[in-house]
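Here's a solo chain for you in structure tokens, the form predicted on its own.
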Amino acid sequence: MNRIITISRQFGSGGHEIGKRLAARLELPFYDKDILRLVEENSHYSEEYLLENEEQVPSLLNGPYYGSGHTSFYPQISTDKVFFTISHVLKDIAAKGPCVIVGRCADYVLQDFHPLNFFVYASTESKIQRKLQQLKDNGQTLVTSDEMKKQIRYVDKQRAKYYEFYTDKKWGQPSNYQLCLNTTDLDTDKAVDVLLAYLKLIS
């Protein structure tokens, strides 16, 4: 595979692990949270600060410029600076060659690199069970299904707002991606098999 692959994903759909295993099977570099470490190394932002401010929209969300897809109409604030700094690092990564990148509007930021863009989604119940199992496997405190459902809804809404604010596109809209993958009835390896089969078909 000689193209950059981006993966956008609903919270709990398995997109991170799918991207990680896909990269391993393609023998490509994989980037997700470690992007923040690279940003920290190339800026004055700490990783903690980046975690707090990434995928956040400006406080002017409800103002007249919301959804414009442009940020030149108002003073640059912290969330803008984080977005543009991450975007710069993403472009540096992409310039080095093929890789797999999860999240961070990479499909939009890297559009000049003509990436293959995938969107991973699943049913609410499937996402709840997947996240609860992850907590259990990691020895973390379990929450109720209702609490996890609320968290999933919150995270997905934040991701959608963030994506739509900075890209002027609709998060999860099929036309933005080469392939949308429903993982409700797929485990991680089978999901990766589907993506690999697609990549083979278009190669």
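From a predicted model like this one, the values you see are computed outputs, not experimental measurements. The first residue of the shown sequence is 1; numbering continues from there.
Not on display, but discussed next: the form predicted together with a further copy of the same chain.
Listed stretches are 171-179, 149-157, 134-142, 35-43; the contact stretch with a further copy of the same chain in the predicted complex is 171-179, by a heavy atom cutoff of 4.5 Å.
a further copy of the same chain in the predicted complex is approached by Y121, whose closest heavy atom lies within 4.5 angstroms of it. Residues of 178-203 placing a heavy atom within 4.5 Å of a further copy of the same chain in the predicted complex, in sequence order: Q178, L179, C180, L181, N182, L186, K190, D193, V194, A197, Y198, L201, I202.
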